[in-house]
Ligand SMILES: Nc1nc2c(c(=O)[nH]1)N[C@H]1C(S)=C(S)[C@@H](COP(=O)(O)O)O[C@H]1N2
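Just the one chain here, the form predicted alone, laid out as structure tokens.
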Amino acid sequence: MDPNLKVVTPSPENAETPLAEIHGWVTPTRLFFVRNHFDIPAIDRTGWRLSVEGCVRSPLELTWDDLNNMPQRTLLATLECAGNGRSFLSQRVAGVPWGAGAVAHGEWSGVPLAAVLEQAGLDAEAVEIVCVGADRGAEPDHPEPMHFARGLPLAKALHRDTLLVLRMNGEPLTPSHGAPVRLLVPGWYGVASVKWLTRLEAVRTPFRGYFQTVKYTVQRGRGQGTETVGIQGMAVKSEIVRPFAGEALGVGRQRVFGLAWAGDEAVARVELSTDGGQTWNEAELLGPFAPYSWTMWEFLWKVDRPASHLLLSRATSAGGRVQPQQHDPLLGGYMIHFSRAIPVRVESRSASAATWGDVETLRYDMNAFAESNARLPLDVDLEFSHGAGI
């Protein structure tokens, strides 16, 4: 593990991206957050095999070289843990106590899953593809050892952007990120992107595995009650990167900078409130703009006199989804995307005349954000095996 990663739990390995070290749109592999449920399996790439079985006409067993010799596809995508921000909830919930750093943005290269399934020949009755990793272990409420596995609906499995990834940021995958081959389901929470893939099974009925129906589920309103559903697409979300919580600012013009993402939708709008959510002003979207990717935004805020302020950001997706101001209790410890208040104070000690940001300002802002989050304590003694989430 890179010493600059912010360790949340040492075993299994779970660590946050250190935003102080991020100086660009794409997160370096060595600084990309890590989420593991069990210990990292030791896999020799030369001996690794991927089996494709179940409701297929021609079962396959593929090597890494077999996949590497197939036509490759590369895309950029933001990956976020379903439990990112869990430590910010007002009520303590079970799960890994992530701060804000369980999100990052990378370049992914590999073979479309659809190409492999086409080669195997799916039967007409197939409804899901069960993706099984080599990692194996037990949970307190499931003492029998099991492999990490998730079912992927057929429509998503056959989408051209769902990849069997061989390379991350232009280099072969590292063990922490699923080497030799992992799944990437862009736009969905990271739990869907199974690492250390060893088996793909086409099935006739929806998968009912532990990490599909016991963990990684939320409640949805239905009629007079609720129903349990599995986590899939990422929520619309924004983060204020600068100023950081508790920062003292001078009167004048202040630059507020942040990031926003919305899964497989584009971010259409980001708004900023400087009065705790009473009024909102539209921020400037800076880009870069690419499908599945986070975008940067900024707002030039004119402050006339000393006072205390609560800053909030609110993103809206191209499809009209709006970031809420409160966490929905039906979501439990997952999909934590509410607008988080950032308290700042304006002092008369100095004047400020911020301008639209450039690359150097961006680097400073990311450093300030990281320093702020480094001050937040992580309760590493918190039980994280119940309800734990990516």
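Start at 1 and count along the sequence shown; that's the residue number. Fair warning: this is a prediction, and the values are worked out from it, not measured in the lab.
One more form of this protein should be noted, the form predicted in complex with the ligand, which is absent from this view; the next part is about it.
A residue is said to contact a partner when one of its heavy atoms sits within 4.5 Å of a partner heavy atom; V194 meets this definition for the ligand in the predicted complex.
Shown alone here, F148 lies within 4.5 Å of the ligand in the predicted complex, counting heavy atoms only. When the ligand is considered in the predicted complex, G190 lines it closely, a heavy atom lying within 4.5 Å. Contact between Y216 and the ligand in the predicted complex is found at the 4.5 Å heavy atom cutoff.
The single contact residue among V52, V344, M335, V34, judged by any heavy atom lying within 4.5 Å of the ligand in the predicted complex, is V34. This chain appears without its partner; in the predicted complex, the one residue of M234, V165, L79, V185 with a heavy atom within 4.5 Å of the ligand is L79.
Residue heavy atoms within 4.5 Å of the ligand in the predicted complex occur in exactly one stretch of 305-313, 86-94, 172-180, 255-263, and that stretch is 172-180. Along 129-148, these residues reach a heavy atom to within 4.5 Å of the ligand in the predicted complex: G133, D135, F148.
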